[in-house]
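For reference, the chain that follows is the form predicted on its own, supplied as structure tokens.
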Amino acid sequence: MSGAVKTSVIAAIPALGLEQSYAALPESFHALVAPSPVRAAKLVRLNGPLAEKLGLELDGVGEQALADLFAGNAAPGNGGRLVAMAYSGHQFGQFNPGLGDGRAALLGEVVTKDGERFDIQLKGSGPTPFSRRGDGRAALGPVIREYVVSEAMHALGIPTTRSLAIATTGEMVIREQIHPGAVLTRVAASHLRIGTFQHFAARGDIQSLKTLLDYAIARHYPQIETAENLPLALLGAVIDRQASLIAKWMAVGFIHGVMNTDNMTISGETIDYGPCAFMDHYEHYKVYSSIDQQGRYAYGAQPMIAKWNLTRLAEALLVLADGGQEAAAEAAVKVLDGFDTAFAGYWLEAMGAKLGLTAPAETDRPLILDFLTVLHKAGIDFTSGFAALETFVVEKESGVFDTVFEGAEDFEPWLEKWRKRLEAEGKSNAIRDRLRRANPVYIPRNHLVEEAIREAEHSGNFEPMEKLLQAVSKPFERREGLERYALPPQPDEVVHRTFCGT
């Protein structure tokens, strides 16, 4: 794209009211990057409700101007440059000191009328100084996966980054095969990661670490600004949010797949949807990710890995803690031990709700675990198994769940114990309502996501993606015409492996 055309594009795009607080931090935090023009930017999806929530004034902006904005052909801020963030991280347990945004960059930040600040980032926008010989681009398939799954997670009530737009580039990218290119516009409370803290700690850059600590607290945890020990106060706050987040993942059968420390946010949002997946039949140590060959990030390992990652955050913060390293380490261990208690409580609350319990107690834990055993032994679909419970509150009612528990020998004895427990939970209609609010009917099932990707990549048909988004945008509300989106995959539809796409 010529310079003259780029100038006209920038002139056609409104300022968007973007702020640049992260770009205002010292140079060690980021690199400014010129836009990397693409051949033929085309906007294939804009998340209108999210744009409205953010207060972005896009009315009257031409479609091509929007396509150029969301494809990275122009950046309305920082003198027409994007901001690539610096960070490090443990990847599958091995520390990499030189990561950073290798294929993503911030457009800037928007502050809503409610005073909430959000990053707007382009993912797949071209090479940066952190690209490590990569092309900085993204394939359309992973972009669709992240858009669909992140918006589904939001609809499920799970803290997550969100997706504002998909723009195709008119260019191809080479991964295992050749794929059409695309750029995802991602929205996040911030892109601060555990790996951001590790980056400066590994370099012994105490001043930058202090600056980052202050910035993270001011942005995400202003309520702890008066705490005596700010590093430990931040650690405790992040631990609580992550414990809550992982419990929510477990309650919907979500498997992140790459829980590296650079993929765990300080804000407590789910981020970086690579080889992620939702479980079909329940299996505690289920793995989908093709790169997780040892099962490090299996479904049932996620709480343990979250604590491991948080321990790496504690290590990065120790040099800022008061009272010397030894005393600081002892204090940090006590704070870290709070993760186990917090997660246990959040898990019990989330899983108890899925059984219709208003105030689940520790004595209900065996009832929950026994139901998971029923699902596992009979190979029952996780989502359908829980969704079916509404029809068994009193007597079996006919409907779409007639065959869910066929062949599950342990179900009837469990059902008797569950119904007895429900006697303290009020009227059956109220219990059914609680079950429906806690157990989704529609999730972005792996075979449906793959179908949407396949149709878009091979024939430019985005209708399957739109239909899937229609279903998962209201996951608890059963609707006519969407019956297949509530069903587990047929044997020949099962997806056994998911791929990162980088």
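Note that residue numbering follows the sequence shown and begins at 1. Computed from a prediction, not measured in an experiment: that's the story for all the values here.
Here the subject shifts to the form predicted in complex with adenosine monophosphate (AMP), a form of this protein not shown in this document.
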Exercise for review: Classify Asp135 as contacting or not contacting adenosine monophosphate (AMP) in the model of the complex by the rule of any non-hydrogen atom within 4.5 angstroms, answering yes or no.
Suggested key: yes
Review point. Does adenosine monophosphate (AMP) come within 4.5 Å of any heavy atom of Asn263 in the model of the complex?
Key: yes
Check your understanding: Does adenosine monophosphate (AMP) come within 4.5 Å of any heavy atom of Asp272 in the model of the complex?
Key -> yes
**Study point:** Distance check, Ala247 to adenosine monophosphate (AMP) in the model of the complex, heavy atom within 4.5 Å
**Key:** no
Point to revise | Location of adenosine monophosphate (AMP) contact in the model of the complex, chosen stretch of 198-206, 326-334, 230-238, 136-144 [non-hydrogen atom, 4.5 Å] | key: 136-144
Exercise for review: Using heavy atoms only and a 4.5 Å cut-off, decide whether all three of Glu390, Thr403 and Asn439 touch adenosine monophosphate (AMP) in the model of the complex.
Suggested key: no
Review point. So which of Pro76, Gly170, Gly102, Gly338 gets a non-hydrogen atom within 4.5 Å of adenosine monophosphate (AMP) in the model of the complex?
Key: Gly102
Study note, to complete from the structure: Checked Thr373, Thr211, Gln91, Thr311 for heavy atoms within 4.5 Å of adenosine monophosphate (AMP) in the model of the complex; positive is Gln91
